[in-house]
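A single chain, nothing else alongside it, follows as structure tokens in the form predicted on its own.
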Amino acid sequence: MKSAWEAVAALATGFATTFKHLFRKPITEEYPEYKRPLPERTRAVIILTRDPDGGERCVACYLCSATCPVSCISMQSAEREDGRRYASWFRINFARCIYCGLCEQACPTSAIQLTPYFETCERDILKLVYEKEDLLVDHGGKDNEYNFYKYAGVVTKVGDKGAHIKEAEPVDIKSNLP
């Protein structure tokens, strides 16, 4: 008998909640006119940023495409005369992207960054395939001062071995011999 009373009490509580909301004025937000403020860490459309020198940050290491769970990122690497790597082409399919942010976390150069811009609705699905020219911006994004080649220890016009930020001088291998 006890379980029957509990069931009736649970039904009455559910109906009371429904009845309470039945006479409230509905809250309607007109979307295009009013855009709800998004949380600060909202992840949406990807951009490719530049370093403080104005060069592309992407070194085409393929880590973003390797970590992407839906395989929506593809690129081709190339190397300039000064030894600096870059992506000769970079493509992302936003029709497949799930905005998980794994590509941003995997990027060693902070080239890929997710922005809070989420309005990417298109009737033609091919318009959701973005090329490098569509993604590349003229700023550094969240970290304007970071320059991968000043920390990486790669010999380029930025510096030689041992001349980079927080890098120790190269060890003379012959000095370690017995």
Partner chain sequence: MDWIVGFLVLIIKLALVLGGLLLLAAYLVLLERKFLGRLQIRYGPNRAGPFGVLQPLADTIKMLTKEDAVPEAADRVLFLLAPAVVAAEALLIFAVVPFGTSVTLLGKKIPMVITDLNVGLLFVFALASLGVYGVALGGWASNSKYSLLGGIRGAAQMISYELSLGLSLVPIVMLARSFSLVDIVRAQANYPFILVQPVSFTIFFISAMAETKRIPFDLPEAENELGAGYHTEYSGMRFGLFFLGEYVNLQVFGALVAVFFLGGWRGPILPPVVWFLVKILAVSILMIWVRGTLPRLRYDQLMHLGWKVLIPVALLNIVITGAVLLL
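Positions refer to the first chain, counted from 1. This is a predicted model, so every value here is computed, not measured. The term rigid core refers to the maximal set of C-alpha atoms that superpose within 1.5 Å between the two forms.
Below, we turn to the form predicted in complex with its partner chain, even though it does not appear here.
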Using a 4.5 Å heavy atom cut-off, indicate which stretch of 27-35, 121-129, 136-144, 44-52 touches its partner chain in the predicted bound form.
-> 27-35
In the predicted bound form, does residue 11 have a heavy atom within 4.5 Å of its partner chain?
-> yes
Is any part of 2-21 within 4.5 angstroms of its partner chain in the predicted bound form by a non-hydrogen atom, and which residues would that be?
-> 11, 14, 15, 18, 19, 21
Rigid core superposition, residue 30 Cα moves 2 angstroms or more between the shown form and the other one | yes
